[in-house]
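Listed next as structure tokens is one chain, alone, in the form predicted on its own.
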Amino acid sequence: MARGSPTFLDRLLHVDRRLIFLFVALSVTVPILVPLGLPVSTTAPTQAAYDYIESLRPGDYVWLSFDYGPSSAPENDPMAEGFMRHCLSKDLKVIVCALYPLGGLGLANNSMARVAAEFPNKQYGVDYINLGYKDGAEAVMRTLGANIADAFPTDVNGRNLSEFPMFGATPSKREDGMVVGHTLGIKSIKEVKVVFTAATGLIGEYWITLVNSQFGTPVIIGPTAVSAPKYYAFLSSGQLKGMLGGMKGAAEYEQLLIKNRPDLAELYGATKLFTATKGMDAQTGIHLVIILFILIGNVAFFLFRMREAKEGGR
């Protein structure tokens, strides 16, 4: 016997997949364009990372390594840029490099250009510098313990490091202009107060097991969410000063900056750039959509089985 018009249950069992794609697209794009501002609670590893940077003094050197590629940029970009903003806001001196071969240098250049434009009072070579990409992460890290210039003899533009006050000898002058001595720049990564590695893959581990273990330089890591669990052992052993776990960790760091640093709060409030906080809104939205359709599918399936059992018993 031919069936009549489809019932509501039949429609649930045959939801057009284009409708699902539409909901997924809306759940991602709407929160990016119109941020929802969903609350983000702070975890202990992110708080520890923030507190450690806050404890540093103006003029201290910090190191930022771009150890990821474009595939994880939505997670890693906001944490690297948040770290850079925090350091420049505190008048720390930021040294940037890239050790990831697949796009790490391009991401470093883009992030540095964005953040440097937000701090027009900071000077390249005095307050921050980009050393570029170097192949062979393990060998590079070992060399950094002896002499940074041996691993990176020039900056990303090919200029000798000794030309920059961050690495060369800066004249110390009296009020009348007479030179009374020279202030030497940084030479070894042992003098760096912390290394922040925004990482995917193994390069983040190298900073811990080589630079921290051999030279004692503190390390903070910003891994992707899928990699974050393995770093809790390093946190427990004290080999990490803190961690920004995935986009959630980056959003936590942004919220700490917004809450505690008025200059950056204004910046994050005015910027049109993608931030981890917006990303968490989108991530929450898409998770809700997926959960909703899973529930609909399961309920429809069980109702279908009940209908079949009922019709079979007639």
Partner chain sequence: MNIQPGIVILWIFFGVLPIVGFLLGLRAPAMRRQVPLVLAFLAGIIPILSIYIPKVFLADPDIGMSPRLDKYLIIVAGFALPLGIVNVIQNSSRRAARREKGWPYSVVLLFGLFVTGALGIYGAVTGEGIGFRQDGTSTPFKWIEDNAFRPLQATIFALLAVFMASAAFRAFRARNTEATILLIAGVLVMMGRVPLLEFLTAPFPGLQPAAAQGSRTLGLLTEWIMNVPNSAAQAGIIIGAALGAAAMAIRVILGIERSYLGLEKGE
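Residue numbers count along the first chain shown, from 1. Just so it is clear, the model here is predicted, and its values are computed rather than measured. Rigid core here is just the name for the largest C-alpha set that superposes within 1.5 Å across the two forms.
The form predicted together with its partner chain is left out here; the points below concern that form.
Of the candidate stretches 82-90, 160-168, 97-105, 117-125, only 97-105 has residues whose heavy atoms lie within 4.5 Å of its partner chain in the model of the complex.
Although the partner is absent here, residue 109 sits close enough that one of its heavy atoms falls within 4.5 Å of its partner chain in the model of the complex.
Although the partner is absent here, residue 143 sits close enough that one of its heavy atoms falls within 4.5 Å of its partner chain in the model of the complex. Contact between residue 71 and its partner chain in the model of the complex is found at the 4.5 Å heavy atom cutoff. Remark: residue 306 does not count among the residues lining its partner chain in the model of the complex, judged by a heavy atom distance of 4.5 Å or less. Within 4.5 Å of its partner chain in the model of the complex, a heavy atom is found for not a single one of 186, 197 and 259. Contact annotation for 207-221: no residue has a non-hydrogen atom within 4.5 angstroms of its partner chain in the model of the complex. Once the cores line up, the CA of residue 246 ends up less than 2 angstroms apart between the shown form and the other one. For residue 45, the Cα coordinates differ by under 2 angstroms between the shown form and the other one after the core has been superposed. Distance between the C-alpha atoms of residue 262 and residue 34: longer by at least 3 Å in the model of the complex than in the displayed form. In the model of the complex, the Cα positions of residue 290 and residue 230 lie at least 3 Å nearer to each other than in the form displayed.
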